[in-house]
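The chain below stands alone and is given in structure tokens; this is the form predicted alone.
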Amino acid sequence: MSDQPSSASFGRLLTLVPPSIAIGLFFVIPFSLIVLSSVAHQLQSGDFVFGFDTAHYERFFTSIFIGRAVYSAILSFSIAVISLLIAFPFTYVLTGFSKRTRTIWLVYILAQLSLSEVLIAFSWQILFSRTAGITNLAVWLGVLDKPFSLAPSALAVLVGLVYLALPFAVLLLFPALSRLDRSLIEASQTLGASPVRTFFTVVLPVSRPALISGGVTVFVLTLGAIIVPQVLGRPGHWTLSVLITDQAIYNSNMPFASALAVILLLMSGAVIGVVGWLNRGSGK
């Protein structure tokens, strides 16, 4: 009888072996190579040799790349806020419909996830173009005198990334809002609170963990977006992820691209850590 718990523990331990191997092969090893190449010596031929050269990290601490990192963080934060402002009331209303209606809308939202970032970027490029874009509709309605192009611009990048992130925000919020105790809402309205006040004083506080996790997920997702900023924005609107691709592919500077990738990962980890710490501190 005493061997049964140990046998069960050993069996559960064995189930962790395949995922651990997969994580090691597909994350730890590639990331370790990125860290090693970030301190490698860059050769004039475009190749590099492993060593310990911090010049690539020192290059990051210039006004250009620091500015791109700050811009990327602000852009991703703005997209997270806008996406949640749209997704939260939409998801809250959606959970109040019948199961069949919810299923239809969820399938529709899941279908949006099948669209690649490339397709989204070029679709919005057409919608923002002068010849076939939405400004032609404004001309037809008499709002504008002549059509004009809305891309490339910072607004186009923002809209494209919000469109990319919105389905993720809805799907992240849906489980929490669908399990929301409706008796709390009924009790609030019974006590005389209006639906709007109930939404802000009951629904929002109860859904705070889902909002935080959804916001962090959208932030990290858009921080790594490449195609949308590159297609819909000018070089001044490029994020740090685009610069990583530019350094790795077009400039053949893999060590510097690796250093930027490490910094981008540290940015994501720092945001997750700070949010987790604040959330844990506020929960005490």
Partner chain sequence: MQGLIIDDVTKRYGPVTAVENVSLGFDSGKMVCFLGPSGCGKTTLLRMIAGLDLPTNGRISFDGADMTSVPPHKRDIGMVFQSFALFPHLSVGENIAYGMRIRGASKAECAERTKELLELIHLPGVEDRRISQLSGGQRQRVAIARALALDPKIFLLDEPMSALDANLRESMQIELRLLQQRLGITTIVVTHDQTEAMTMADEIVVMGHANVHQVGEPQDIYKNPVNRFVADFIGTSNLLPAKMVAPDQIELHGETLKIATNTGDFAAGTEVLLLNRPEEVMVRNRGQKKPSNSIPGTVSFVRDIGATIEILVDCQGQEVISMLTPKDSPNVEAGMEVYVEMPVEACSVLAV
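Keep in mind that what you see is a predicted model, and the values were worked out from it rather than measured. Positions refer to the first chain, counted from 1.
There is also a form predicted in complex with its partner chain; it is not shown, and the following applies to it.
Among L191, V143, A111, I74, the residue placing a heavy atom within 4.5 Å of its partner chain in the predicted complex is L191. Interface residue among L171, I134, V206, V81, judged by heavy atoms within 4.5 Å of its partner chain in the predicted complex: V206. Contact with its partner chain in the predicted complex, defined as any heavy atom within 4.5 Å, is confined among 153-161, 210-218, 181-189, 113-121 to 181-189. Among heavy atoms of T201, some come within 4.5 Å of its partner chain in the predicted complex. In the predicted complex, at least one heavy atom of P195 sits within 4.5 Å of its partner chain.
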